[in-house]
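Just the one chain here, laid out as structure tokens, in the form predicted on its own.
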Amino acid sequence: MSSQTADHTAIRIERLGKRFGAGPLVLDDVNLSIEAGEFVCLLGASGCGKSTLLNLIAGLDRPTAGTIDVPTQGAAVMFQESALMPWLTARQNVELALRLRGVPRAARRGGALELLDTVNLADAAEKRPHELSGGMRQRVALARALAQDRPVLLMDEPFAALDAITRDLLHEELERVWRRTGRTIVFVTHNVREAARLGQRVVLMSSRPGRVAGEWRIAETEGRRIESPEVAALSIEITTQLRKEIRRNAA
């Protein structure tokens, strides 16, 4: 994996292939370029290789073929489970990421509180994970990911286990944080509406093996809501293509 990209490009994936052992190809000839500061949603049916692709971008696994170029500083990853340390407070969980980054002890508390304020959770800084709702725990996980101070944030279905209302609120929070921080975000989801709500670009992946099967670019994303007519229209268009891919792979 190379660690150099052009100034305007955060991630460049070329002719990427991945198989595990002697098994079938999971990903085949994936080509994708993601601009710095762009919000891209990776969408597809279960088993299409979305999470595998995310792990490859994160450097948690190596491709079988092709190349992935990412910024030298690498990427932070946020998963579906918050995976917070249960014996630490929200602030201490974020401080842990700052400590691992090498931030001096004297600066960690203030830095953690600032990051929790970024995700609108400063008032819960001294609560432990069991005292927080699922949505609040994911906000702490987001603050912890931001604490790594990486230019790229990879998110693997981080809101999938949450109820619809909480998920909608976190969509708003994530969009606000993205606009405030300028991070490049790659967001994996199997929820078509979620992808249409969040992404500047939605990339649809086929199954068995995973390839880029379609892309949609959204010119104006500010002010979108999950119930917005433009989100509904885009969801129908994407779902139509997704169903074609599922039928094609079921044949």
Partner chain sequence: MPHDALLEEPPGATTHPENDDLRSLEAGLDRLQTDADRAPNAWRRFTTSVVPPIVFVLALIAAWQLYVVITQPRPDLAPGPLEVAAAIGGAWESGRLQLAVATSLERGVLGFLIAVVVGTPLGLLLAEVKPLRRAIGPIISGLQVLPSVAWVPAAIIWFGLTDATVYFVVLMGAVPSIVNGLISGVDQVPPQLRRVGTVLGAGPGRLATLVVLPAALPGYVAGLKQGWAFSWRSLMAAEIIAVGGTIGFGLGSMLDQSRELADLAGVLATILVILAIGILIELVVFAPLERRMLRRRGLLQGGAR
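What you are looking at is a predicted structure, and each value in this text was computed from that prediction instead of being measured. Numbering follows the first chain given and starts at 1.
As for the form predicted together with the partner chain, it is not shown, yet the points below apply to it.
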| property | result |
| --- | --- |
| Interface membership of V140, the partner chain in the model of the complex, 4.5 Å heavy atom rule | no |
| Proximity of R183 to the partner chain in the model of the complex, heavy atoms at 4.5 Å | yes |
| Residue contact check: R91 to the partner chain in the model of the complex, 4.5 Å heavy atom | no |
| Distance check, R128 to the partner chain in the model of the complex, heavy atom within 4.5 Å | yes |
| Contact residue in the model of the complex, from Q200, S206, N55, N191 (heavy atom within 4.5 Å of the partner chain) | N55 |
| Contacts with the partner chain in the model of the complex - residues in 71-89 whose heavy atoms fall within 4.5 Å | V77, F79, E81, A83, L84, M85, P86, W87 |
